[in-house]
Every structure is written in structure tokens, then in C-alpha cells.
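Single chain ahead, written as C-alpha cells, the form predicted on its own.
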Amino acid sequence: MPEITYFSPDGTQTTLDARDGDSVMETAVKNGVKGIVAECGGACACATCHVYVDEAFTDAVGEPGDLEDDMLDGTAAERLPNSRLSCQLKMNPALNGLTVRIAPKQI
């Protein structure tokens, strides 16, 4: 199982095993990681699962699609070059060790 580490805005670090194919958002919500609201449940329709992907993984996760890119323009926290919606990041073995920082404001 690929492993993800989440850094919450309060500095809390949580490392979880993710199921291959689950999103970074699903893994967080299923395991009670605070800070990811995910109002739309993963439909790329709310931008409340905003994370900053560690720069070591930006190539591995790829670029956001057009819809995600539009949604990122409306995030509550500052959009950075490594901003992504965690609902759009599907775990796979190549992402083992992925680290994300949860945006400080989701709504």
C-alpha cells in the first residue's frame, strides 16, 4: 500500500497507508484527518480539499486537469504552484511516500 503523510496547518503530522486507487482526500476523510472538508465528496465541485503537494512529487502527480485548474482559482487559501485538490490525486505505487500540506483555510 502506498503511504501518504499529511501535515495539518496546526503542525500535526499523520502518516497513513492508502489503498491503491483511492484519492488523497478519501484516505484523509476515512481516517479522520482534520482540515480537509471535502464538501462535494470528491466530485471536483467545491475546492474544500485543497492541499500543497511536496515538490518532490509534483512531477509524479502531474498537472491539474482543466476543471480542477478552474476550481483551484477559487480556493479559500492562497493558490501556490504546487496546489492541488486532494480529491483528484489517486494513489498508486509511484506515489508511495507522498507528502501533502493541508491548506490553512478550506472555506
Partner chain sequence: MDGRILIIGAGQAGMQIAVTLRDEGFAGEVTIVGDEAYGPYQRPPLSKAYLAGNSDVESLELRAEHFYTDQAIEMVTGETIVDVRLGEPGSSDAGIATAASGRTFEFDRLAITPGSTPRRLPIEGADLGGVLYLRSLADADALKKRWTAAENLVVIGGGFIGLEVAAAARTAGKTVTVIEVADRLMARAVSSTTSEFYHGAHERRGTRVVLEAQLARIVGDAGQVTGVELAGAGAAKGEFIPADIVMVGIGVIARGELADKLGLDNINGAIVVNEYAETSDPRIVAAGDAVLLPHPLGHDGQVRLESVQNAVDQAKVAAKTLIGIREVHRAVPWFWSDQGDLKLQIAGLSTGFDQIVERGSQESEKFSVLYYRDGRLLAIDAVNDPIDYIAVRRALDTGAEIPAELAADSSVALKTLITSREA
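Residue numbers count along the first chain shown, from 1. Note that the structure is a prediction, hence the values are computed from the model and not measured.
There is also a form predicted together with its partner chain; it is not shown, and the following applies to it.
With a 4.5 Å cutoff on heavy atoms, Ala56 does not count as touching its partner chain in the predicted complex; it lies far away. At the 4.5 Å threshold, heavy atoms of Ala76 reach its partner chain in the predicted complex. In the predicted complex, its partner chain sits beyond 4.5 Å of every heavy atom of Asn82.
Using a 4.5 Å cutoff between non-hydrogen atoms, Gly41 counts as a contact of its partner chain in the predicted complex. Of all the residues from 24-58, those having a non-hydrogen atom no more than 4.5 Å from its partner chain in the predicted complex are Glu26, Val29, Lys30, Asn31, Gly32, Lys34, Glu39, Cys40, Gly41, Ala43, Cys44, Ala45, Cys46, Ala47.
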